[in-house]
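Starting off, we have a lone chain in the form predicted on its own, written out as structure tokens.
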């Protein structure tokens, strides 16, 4: 029967040690960890070369607290010695001078249970009175365990007494398995070598050995190499397409005020989307508006009477306290409107690809936290045809050929357009809202040229691209599924 090189070395070492040795001895001789001896011994036992005897050893190990008590005495011993040295009676609170806070109740409990002390009131204070000095048998056991913690060497009484020490955290009982190998047959066949080394050649041992055969037609092992998450790769591809189209990436805060998230976008303060159940409102944050007073006043006028844009506005009394309220942003369009205010000279071409937050009902198409790709393009002569052309080209470069546009409504765009992409199983999925920013949005910002804007639910596009039926799978921790996904 053939032997591997490791098996042959172990047998040779066992023979050198007299035909019998434990795992620790073999580990030391072979310069191998003990954990490597166990599987080799089982293989040799299966092949009939050794007998393996396993012995379970249980050892008591003193904890740091146990060592402290061994050095200074158990809490009950220190307590009795203290009371005795003070005339047999001390106030209970004085025990803190010789006992740790976590030892006081245990020591008093032992003293009263054993009858070594009683508690009486003296001068309206509880006092501990010594009845008789009694040595704790547990203290003697601590010395035994320190000297010889092998469970098999302890009497049944000592083993029973060790339980309170374990419960008090002074001792830990640990198990250790020891194996002893005894050679019953020496190998007769040649050793199989995994590799031909210079030492084997010089010693001549290779002559009586066999090199392990290799199957050159066998497939190599599968390598689980690291790679980027397919969803993140998809997002990077979307960014690269927009970079190639001349867009600049922008970013903004997750925690936004309602002014930038809603008011600057001409979304009325009475709009249902601004209700408590439709956005995450935050507590513990100072409500402020990080915008110039002139802009705040211009937005206020746009809401109340149109602000000189020819619009009647929403016709209500605008409330600055509502505009100050902090929320988790519900749309990356808040980043777009900030970008417009900072870039009032055309052309303006920016996008933001980031997270937004809405308290939606979680299902195959909705999450409370999801990705949105918002973009704007502003310049003289820009119109809806440019918008449809950009969106169509962007979709095609991502590999989506079935796209359809329908009229829509949004408070901040006119005309407004919605787009749908065909999912092979779920059918047509709404993936974006878009349109031309209304004058009530642009005029307060000081913008005097048309601006087209869009907000894409990028997660839904990723679902289609990655062949998923459920948007929640974008956050899966299933490594096998992640390895099988293809994003190209």
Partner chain sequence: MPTVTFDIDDLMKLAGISITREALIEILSSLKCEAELEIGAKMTVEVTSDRPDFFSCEGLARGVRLYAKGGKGYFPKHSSSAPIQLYVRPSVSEIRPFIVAAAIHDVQLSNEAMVQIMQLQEKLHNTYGSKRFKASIGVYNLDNMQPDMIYEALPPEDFSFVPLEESRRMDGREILRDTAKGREYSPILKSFSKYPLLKDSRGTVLSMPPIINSEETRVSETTRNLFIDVTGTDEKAINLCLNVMVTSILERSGKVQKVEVNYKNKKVVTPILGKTKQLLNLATVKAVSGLSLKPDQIIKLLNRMGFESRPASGKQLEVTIPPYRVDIIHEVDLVEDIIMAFGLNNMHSEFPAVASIGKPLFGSKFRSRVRDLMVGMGFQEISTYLLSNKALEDKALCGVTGAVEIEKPISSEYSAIRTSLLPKLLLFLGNNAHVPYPQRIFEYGDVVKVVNGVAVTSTQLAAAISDYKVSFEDIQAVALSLFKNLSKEIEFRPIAREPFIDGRAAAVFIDDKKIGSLGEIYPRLLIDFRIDTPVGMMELNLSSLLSLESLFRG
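Residue numbers count along the first chain shown, from 1. Quick caveat: nothing in here was measured; it's all calculated off a predicted structure.
As for the form predicted together with its partner chain, it is not shown, yet the points below apply to it.
Handout entry: Option touching its partner chain, based on a heavy atom within 4.5 Å in the predicted complex, out of 90, 328, 107, 170
Key = Going through each option in turn, the one that passes is 328.
Practice task
Have a look at 312, 207, 135, 100 for me and say which one sits with a heavy atom within 4.5 Å of its partner chain in the predicted complex.
Solution key: Here the answer is residue option 312.
Practice task
Find out whether any non-hydrogen atom of residue 221 is located within 4.5 angstroms of its partner chain in the predicted complex, and reply yes or no.
Solution key: Result no; residue 221 lies far from its partner chain in the predicted complex.
Problem - is_contact(residue 476, its partner chain) in the predicted complex, heavy atom dist at most 4.5 Å - result: Looking in the predicted complex, residue contacts with its partner chain include residue 476, since a heavy atom lies within 4.5 Å.
Practice task
State yes or no: in the predicted complex, is some non-hydrogen atom of residue 405 no more than 4.5 angstroms from a non-hydrogen atom of its partner chain?
Solution key: Output for residue 405 is yes: heavy atoms within 4.5 Å of its partner chain.
Problem - is_contact(residue 409, its partner chain) in the predicted complex, heavy atom dist at most 4.5 Å - result: Yes, residue 409 is a contact residue.
Practice task
Just one of 212-220, 170-178, 125-133, 262-270 has residues with a heavy atom within 4.5 Å of its partner chain in the predicted complex, so point it out.
Solution key: Of the stretches listed, the one contacting the partner is 262-270.
Handout entry: Sequence-ordered residues of 360-376 touching its partner chain in the predicted complex, heavy atom within 4.5 Å
Key = 360, 362, 367, 368, 369, in sequence order.
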